[in-house]
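Take a look at this single chain, the form predicted on its own, given in structure tokens.
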Amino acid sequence: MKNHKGYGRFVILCLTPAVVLFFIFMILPTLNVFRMSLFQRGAYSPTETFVGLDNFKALFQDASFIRSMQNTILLIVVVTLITFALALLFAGILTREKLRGQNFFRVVFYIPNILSVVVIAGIFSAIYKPENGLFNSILSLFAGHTVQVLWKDAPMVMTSLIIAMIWQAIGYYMVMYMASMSSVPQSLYESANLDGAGRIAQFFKITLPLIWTNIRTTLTFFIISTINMAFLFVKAMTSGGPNGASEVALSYMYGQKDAGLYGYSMAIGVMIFLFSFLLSAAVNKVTKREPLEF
């Protein structure tokens, strides 16, 4: 009994600093965001005026905010679908197929994930240059004449962000899926071969179901992180331009704060928080499956 009490005290002693720090630096700031969203206040003014839900009512009449949320949702959907499809495809190829230099490909694919967003933004800004960027040079080569696509202009700016974000994320999730796929017993694939199942059928009938738990976890994590990564890429590459065409919810929130609308920006933060929470809950509900064991 004494040993049990001593162990409990030791656990409490170890957990208390982490719980206190989490409460101070996570819970309290989050609660303060909810509180501040109900007030009207300048960014550097101590004066607060309680306005209730007026900030939230103004949000739904703000065309710029609605556009930023549309851009955010577009990036979440497109980047998530393409990134996960390519990560699963490359992980399946590098895990199942006997290729030379598999470790080399793993390193090459993972390198973008260890680069900072600023570095990646610089790389893609050079690639997107209208005069001598890589993309326009390739297009000019195939077209037989000089092509100058404005990759950061309004019609193409979201596509440019999507390409950069996918390139940055694929390697990380590919490596995670390769680790999961490596744990699938080869005997299952051998039995499937004897039954006449091809590679594609094996991938969808064996590989995907057995690594589904990992896919669910990474999918939720990726959707939440995409909201933050979208903000970083926008700030580093486009600053929300041209004319707000690439503005996302978080960058718009910071813009409103810099304009002195502190309470209004906190209301945007609350909306982003609720959107992230509800989206994560919906994804978990939709992707819920009975776990398979082998």
Partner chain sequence: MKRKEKNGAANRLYRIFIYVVLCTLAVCILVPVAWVFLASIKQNSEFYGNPWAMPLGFYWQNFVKAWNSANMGEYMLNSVMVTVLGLLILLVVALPAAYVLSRFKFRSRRFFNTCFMAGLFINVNYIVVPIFLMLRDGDAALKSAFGSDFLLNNLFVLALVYAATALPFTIYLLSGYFSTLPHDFEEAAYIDGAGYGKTMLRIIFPMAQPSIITIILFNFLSFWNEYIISMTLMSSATGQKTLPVGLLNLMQAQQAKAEYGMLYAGLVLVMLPTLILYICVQKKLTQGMTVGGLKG
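All figures in this text were calculated on a predicted structure; none of them were measured in a lab. Residue numbers count along the first chain shown, from 1. Throughout, rigid core stands for the largest set of C-alpha atoms superposing within 1.5 Å between the two forms.
Heads up, the form predicted in complex with the partner chain isn't pictured, but that's what we're talking about next.
A.B. asks: Name the residue from V175, I215, L210, V78 that puts a heavy atom within 4.5 Å of the partner chain in the predicted complex.
C.D. replies: For this set of options, the contacting one is V175.
A.B. asks: Identify, from the list I82, I206, L94, A197, the residue with a heavy atom within 4.5 Å of the partner chain in the predicted complex.
C.D. replies: After the contact test, the surviving option is L94.
A.B. asks: Whether L59 contacts the partner chain in the predicted complex should be assessed with a 4.5 Å heavy atom distance threshold; does it?
C.D. replies: So L59 does not count as contacting the partner chain.
A.B. asks: When the contact criterion is heavy atoms within 4.5 Å, does Y254 count as touching the partner chain in the predicted complex?
C.D. replies: Flag for Y254 set to yes.
A.B. asks: So in the predicted complex, does any heavy atom of A245 sit within 4.5 Å of the partner chain?
C.D. replies: No.
A.B. asks: Can you tell me whether V149 touches the partner chain? I mean in the predicted complex, with a 4.5 angstroms heavy atom cut-off.
C.D. replies: Answer no; every heavy atom of V149 is more than 4.5 Å from the partner chain in the predicted complex.
A.B. asks: Need the contact residues for 102-120: heavy atom within 4.5 Å of the partner chain in the predicted complex, sequence order, or none if there are none.
C.D. replies: Contacts from 102-120: N103, F104, F105, R106, V107, V108, F109, Y110, I111, P112, I114, L115, S116, V117, V118, V119.
A.B. asks: When you overlay the rigid core, is the Cα of L21 off by 2 Å or more between this form and the one not shown?
C.D. replies: Yes.
A.B. asks: 2 Å or more on the CA of I12 between this form and the one not shown, with the rigid core superposed, yes or no?
C.D. replies: I12 C-alpha, core-superposed: shift of 2 Å or more.
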